[in-house]
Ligand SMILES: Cc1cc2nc3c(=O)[nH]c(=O)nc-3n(C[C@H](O)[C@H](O)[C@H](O)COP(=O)(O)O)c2cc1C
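Presented below, as structure tokens, is a lone chain in the form predicted alone.
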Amino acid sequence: MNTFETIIGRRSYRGAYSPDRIARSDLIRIMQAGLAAPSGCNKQTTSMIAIDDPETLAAVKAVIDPPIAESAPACICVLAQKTIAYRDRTFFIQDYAAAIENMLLEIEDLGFRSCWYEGHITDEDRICDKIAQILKVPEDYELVCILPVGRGLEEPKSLIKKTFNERAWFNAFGNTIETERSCGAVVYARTWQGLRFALIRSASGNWGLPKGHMEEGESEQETALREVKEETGLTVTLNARFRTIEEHPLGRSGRLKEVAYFLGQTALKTAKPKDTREIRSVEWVSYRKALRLLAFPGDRRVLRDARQFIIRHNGD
């Protein structure tokens, strides 16, 4: 998995964990990623304690109220020192924030799940101090965060993010870039073997989700229905309660492509594109196979979110 795909795919995880123990080599690698983060004036104000001893872990979990990550087989506690960097300034908050993000990405890259718990333990009840006492942390260190580590038994919850042009600009505040808009759908069918998803194979050979450009006067949903029909030959029932945006740069053009995806349900039947010069083939596949076939991380993220929506609202 490349760095960008790890970043795009990561989600905060608050579900149940597998009881499988985490290898110390993995915990070392995660902490190494945190220690490699930049720090203000190289003061290296961030330290970590990994907890993999069941008794110690149980003692730490016992003082966390309300409880969190109760089934996690390991966790990493993040410590900070308010060291002066220069004059009267300290950058310990920036230091540990960078270290935590590095660790979250390495946790994801190793196939585990986690969540950044800070406010929960540093609130007025100072759970962090109770944990620090259990771990024999010196008084000149502050325990600022815990990261549970383990293999998730559930899909992390999807989030609705603002679009690129709402939060990122070029050369001046609010100066958006040219955006090409398309619409499509995650097309699925229910079978006795479980959910099946319709993927298209483009002329370039890449597998993707059916989508296409909006035509003048069309709504997003009208475009999605038309494009699904043209690229798969399928007539679907569109669920507009699911709507997610996938964005990516258009090569080196300096423009952005924004695709609005909905959910499209239909019966499992033969799918055939209208124009085989643009779309080579359409194939019904399982969720796991779809994740393997989809060429781009944004499409895989859309598929994960769509499947989670289907399960949450209608059952698997």
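Because the structure is a prediction, the values reported are computed rather than measured. For every residue, the number given is its place in the sequence shown, counted from 1.
The form predicted in complex with this ligand exists for this protein as well; it is not shown, and the discussion that follows is about that form.
Of Tyr117, Trp207, Phe92, Tyr141, which residue is found within 4.5 angstroms of this ligand in the predicted bound form when only non-hydrogen atoms are counted? After the contact test, the surviving option is Tyr117.
Proximity to this ligand in the predicted bound form (heavy atom, within 4.5 Å), stretch among 105 to 113, 233 to 241, 179 to 187, 119 to 127: That would be 119 to 127.
Lys161 within 4.5 Å of this ligand in the predicted bound form, heavy atoms: Yes, Lys161 sits close enough to this ligand in the predicted bound form that at least one of its heavy atoms falls within 4.5 Å.
Mark Arg11 yes when one of its heavy atoms lies within 4.5 Å of a heavy atom of this ligand in the predicted bound form, and no otherwise. Within the cut-off, so yes.
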